[in-house]
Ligand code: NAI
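Okay, here we've got a single chain as structure tokens, the form predicted alone, with questions on binding and movement later.
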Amino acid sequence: MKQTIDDESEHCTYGDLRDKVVLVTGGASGIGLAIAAAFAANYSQVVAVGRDKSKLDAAAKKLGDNLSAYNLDLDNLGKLPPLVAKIEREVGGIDVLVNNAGINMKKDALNVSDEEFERIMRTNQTAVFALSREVAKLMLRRGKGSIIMISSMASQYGIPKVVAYTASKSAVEGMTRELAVEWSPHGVRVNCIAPGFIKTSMSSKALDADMERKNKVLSRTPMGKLGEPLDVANAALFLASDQSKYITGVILPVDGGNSIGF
């Protein structure tokens, strides 16, 4: 398998992830791309699914033979079962699913319409469940698999102006625990990562434009800095690997202590 990953030494190394098929939604940019690159550096066969074809093409160019890209809007729930079947047929049985794709909207709760609220819930929670269900059907048949949800600090404490996002991520955390109880007895572990404030182009632009908010973020983060996408990616590697084989149903904050900061 061709290896084209830069800075491979920055990633944790897990021999048991070699040749595993890893499906990462939203895997073409930001945290999702970091997760995809980390698994590719461990010689997994990564499948990235996303709605932006140009970003998928760029990710495929970066990761080379380590990545297969599928262009699909996950909100189209009816297309998820055939997508999973196609991946299994063309790439192989899915060993790991990372539900990373999500959307957000910053708006006062009183001004959020029903349609806006439902759109975010559909992408961040309903589509996550629908895809997890379809992948789990095949994982359960094989008696093994790891599903990793991506939540947010917004589910840990109140953050203003993100009511729909908060509701969706809180639902993902509850769903993580429920699915872990149902599926873990049959060999499929379900865990969740709750990233704190991670340095991406999107977050940097938002925080740099609002220094009061940025200072507040840093002041309540005991480690005193933003996280890197690689920090989340390394947590995903651990939860997918055999090193975490007795861990299921957990919500793992990767936040520099932000969720317990004062």
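Note that residue numbering follows the sequence shown and begins at 1. None of the values given here were measured: they were computed from a predicted structure.
Below, we turn to the form predicted together with the ligand, even though it does not appear here.
Consider the chain as shown here, without its partner, and state which of Arg220, Lys62, Lys214, Arg51 has a heavy atom within 4.5 Å of the ligand in the predicted complex.
-> The option sitting close enough to the partner is Arg51.
Which of these residues, Ala235, Ile198, Ala41, Val47, gets a heavy atom within 4.5 Å of the ligand in the predicted complex?
-> That would be Ile198.
Using heavy atoms and a 4.5 Å limit, would one call Met105 a contact residue for the ligand in the predicted complex?
-> Result no; Met105 lies far from the ligand in the predicted complex.
If you check in the predicted complex, is Thr176 within 4.5 Å of the ligand, heavy atoms only?
-> Output for Thr176 is no: heavy atoms all beyond 4.5 Å of the ligand.
Contact between Leu77 and the ligand in the predicted complex at 4.5 Å, heavy atoms?
-> Result no; Leu77 lies far from the ligand in the predicted complex.
Within a 4.5 Å heavy atom cut-off, is Asp73 in contact with the ligand in the predicted complex?
-> Heavy-atom contact with the ligand at 4.5 Å: present for Asp73.
Proximity to the ligand in the predicted complex (heavy atom, within 4.5 Å), stretch among 146-154, 130-138, 106-114, 90-98 = Heavy atoms within 4.5 Å of the ligand in the predicted complex occur in 146-154.
At a 4.5 angstroms cut-off on non-hydrogen atoms, which residues of 224-254 are near the ligand in the predicted complex? List them in order.
-> Contacting residues: none.
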